[in-house]
Ligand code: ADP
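Take a look at this single chain, the form predicted alone, given in structure tokens.
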Amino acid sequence: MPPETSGQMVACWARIRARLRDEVGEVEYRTWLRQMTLQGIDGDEAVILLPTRFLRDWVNSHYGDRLRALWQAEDANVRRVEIRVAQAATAEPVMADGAGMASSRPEPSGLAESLAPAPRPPAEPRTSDPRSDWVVPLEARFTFDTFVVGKPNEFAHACARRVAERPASPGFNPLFLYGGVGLGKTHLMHAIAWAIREGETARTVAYMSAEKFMYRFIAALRSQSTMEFKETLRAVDVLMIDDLQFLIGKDNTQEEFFHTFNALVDQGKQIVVSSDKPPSDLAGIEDRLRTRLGCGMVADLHATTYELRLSILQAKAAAAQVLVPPKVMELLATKITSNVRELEGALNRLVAHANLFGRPITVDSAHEVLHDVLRAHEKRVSIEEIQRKVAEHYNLRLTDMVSARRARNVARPRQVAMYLAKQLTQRSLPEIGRRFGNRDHTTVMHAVSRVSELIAQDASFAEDVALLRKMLET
């Protein structure tokens, strides 16, 4: 192929990729289309390569027609687009994802790579910047656009946005984010870093874990280069430290961080810190450091609500362009309440299973594929909890559950409690009887039978029992 013809083809392919990126958005583009390479044009057919069969099938079904239309708009001679799986013997592609440059690097292959969002290529490090190898790579998917906001995290999200837009604002320096595992602290940290890096004003951002900060400090001590360590960190515009609780009990590292903290704040530089507890609860952190950490903005991320978990699932499914039935999402949002990471992992597992075996996602398949996850999140209800909840519901004393009183207004709620204990626990009938004032197991059997009959006969009573069961299970 003549050089000028090859050059025209490369230019056409670059424009097509740019159009696709604009149309589908950055996240979707990097997830599904970034790994496309152009092998060449054979007659009236453009041949595009992808590293896995899964990616080939997905791109062909979702973007095949659009690729053909874009090619025809660029070159009327191209009437067809063939998408193939790259083989070892395949000729070197004309151009991968770049600025018009040929690439001979092998693309990753395998299902794991095709399912996971492709990482954002790192920015070109400045050759004179010694901080370039200090920064933890940022996750491309952890941006403000992909963060789902709800009541439990809206304040932390608003604070993070403010810091990203106006670093070192009065009252927001430092920004201290805290919350349990998998609630979005790291997501917000990465989102702040991305937003600051991509802002109009060039700022140097150093993002690292507290553990990495400690190891860098120890290495500097060993190599007698502590001055270089201090100068490097204190030259950044924004310092971000994740999982500060790691510094608990590490006095020397805490002292160095305290001095770095003071130096940066005095220079009007922004500091963002995350931890699993608020500053006041970080036992093992020096008082002077705890005081400084709490002098800015402290924002917590609460445990997720059902509505937020459902919104997160819907956003993840939409980003991956996967159709997940509402009933399946409701099942996951109800059962997996611990943290967002487990929720997202369960959804990814369902999607991978459906793609690998070509089966639709249903409630039954979700129970089958996620049986271990769902079982691990089943709430363990105790007999004591059942007794307490039933007593509160019927306005009785807790002692009435185990007393010898046989008045109807006490005996019937006690029977309901026995029935629920049989339904919601793994306890045997004799053990349930013992927990209800050393009653015989036949008494428990009678209570279960009687409540079952009343549920079938009395709709109001059935609703009452169903409400109690729902309160105990959620």
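Just count from 1 along the sequence shown to find any residue number. Bear in mind that the values here come from a model prediction, so they are computed numbers and not experimental data.
The form predicted in complex with the named molecule exists for this protein as well; it is not shown, and the discussion that follows is about that form.
When the named molecule is considered in the predicted complex, only one residue from 176, 394, 142, 229 comes within 4.5 Å through any heavy atom, namely 142. Though the named molecule is absent from this view, in the predicted complex it lies within 4.5 Å of a heavy atom of just one residue from 344, 251, 330, 75, which is 344. The named molecule in the predicted complex comes within 4.5 Å of no heavy atom belonging to residue 354. When the named molecule is considered in the predicted complex, residue 183 lines it closely, a heavy atom lying within 4.5 Å. At least one heavy atom of residue 316 is located within 4.5 Å of the named molecule in the predicted complex. Not displayed here, the named molecule is kept clear of residue 194 by more than 4.5 Å at the level of heavy atoms in the predicted complex. Exactly one of the stretches 147 to 155, 363 to 371, 166 to 174, 384 to 392 approaches the named molecule in the predicted complex with heavy atoms within 4.5 Å, and it is 147 to 155. Along 276 to 313, a single residue, 312, places a heavy atom within 4.5 Å of the named molecule in the predicted complex.
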